[in-house]
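Listed next as structure tokens is one chain, alone, in the form predicted alone.
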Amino acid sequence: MIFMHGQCVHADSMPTTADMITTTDNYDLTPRNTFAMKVKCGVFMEYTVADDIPFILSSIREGIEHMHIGAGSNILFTSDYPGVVMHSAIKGFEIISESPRELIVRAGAGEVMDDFIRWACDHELWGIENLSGIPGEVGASAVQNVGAYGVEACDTIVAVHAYDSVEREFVTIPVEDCDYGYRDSLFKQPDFKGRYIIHAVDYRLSPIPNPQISYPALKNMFKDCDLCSLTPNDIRKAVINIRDSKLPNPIDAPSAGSFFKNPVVSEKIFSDICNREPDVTVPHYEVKEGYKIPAAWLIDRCGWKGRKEGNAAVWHLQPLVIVNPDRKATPKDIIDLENRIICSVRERFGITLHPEVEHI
């Protein structure tokens, strides 16, 4: 069986591989990136089955640049892209295995991640509810290792299914070989970037209640609740409410979500910052490498929250987000603001922020 948006569809009723590739020249990428950058690509190719991937790659002339995008929610196009942009429209959810304690569910790379999470929550399956509301698609979730409210995608990923464009074969990469880290993975590393084109991801979900509410805002929302009575949808609704209270809707204020990674610093640097900011308690999380400090706090302390520079701005409710408020910002506007923020934080705290958003 293949589960599509909560409905069961027999595999033999799915479309065949014929005529499943859509090709458009001089394609406007504006609706394909949540920053609403007005850029184009030479050719846009969208496909609906995994077997289309090697065919598309073989059709691209040698020397022509090509790349793969998801929903465009974590990227900043810095200019027009002259080559070929590929996009997966592979949909559907398939239960691979099932036991009383867990289900392994395979989701198509082109499935909207939040649709997959909604389906899981509606079926009272635990594991990915804390990732609710994050823009993007399933394939990108495995590349970016998306995370929020104490949970990362890699916590429940079992395996990634991809086409290896170097070896020219389909491969299954178990989670332990994906080299996951904070907003990082094998698929983002220079030696492997672009090599693997993901067509499906296996997630481990569970019918056994296991609410993850260590994040302070979630803990506060459920402090008077019986945790045993909570459902995945309870957590999902709370997470979405928290996100909506701080983060802009890309439709209203185009952005790429959290723009910078939270820096991890040594104990000495953390101590220096505490001494330099004696009027406040520096927010932090102890991690294996040292102390993780919220980039939003650093940016806010530098006075950037709500500031507008040209046609780009820092979101007034969450300084970690750079927005294109009037849809007039150019890539240069965004990059100029990004660099000013980085310089400001470096001058005050001695910390160099690094963008989470991929620049293309």
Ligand SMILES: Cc1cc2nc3c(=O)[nH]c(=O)nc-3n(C[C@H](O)[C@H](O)[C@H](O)COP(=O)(O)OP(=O)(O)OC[C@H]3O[C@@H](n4cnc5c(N)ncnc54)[C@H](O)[C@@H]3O)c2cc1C
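Please read these numbers as outputs of a predicted model, since none were measured by experiment. Sequential numbering from 1, following the sequence displayed.
Keep in mind the form predicted together with this ligand is missing from the figure; the text below concerns it.
Taken together, the three residues 74, 196 and 247 all lie with some non-hydrogen atom within 4.5 angstroms of this ligand in the model of the complex. The contact with this ligand in the model of the complex, taken as any heavy atom within 4.5 Å, belongs to 147 out of 207, 211, 147, 263. Note on contacts: among 183, 91, 284, 106, the single residue with a heavy atom within 4.5 Å of this ligand in the model of the complex is 183. Though the partner is left out of this view, residue 34 does reach within 4.5 Å of this ligand in the model of the complex, counting heavy atoms only. Using a 4.5 Å cutoff between non-hydrogen atoms, residue 69 counts as a contact of this ligand in the model of the complex.
Remark: residue 143 counts among the residues lining this ligand in the model of the complex, judged by a heavy atom distance of 4.5 Å or less. Put simply, residue 159 is far from this ligand in the model of the complex: not one heavy atom of it is within 4.5 Å. Listed stretches are 263-271, 223-231, 239-247, 276-284; the contact stretch with this ligand in the model of the complex is 239-247, by a heavy atom cutoff of 4.5 Å. In sequence order, 109, 134, 135, 136 are the residues of 97-136 having a heavy atom within 4.5 Å of this ligand in the model of the complex; the partner itself is omitted from this view.
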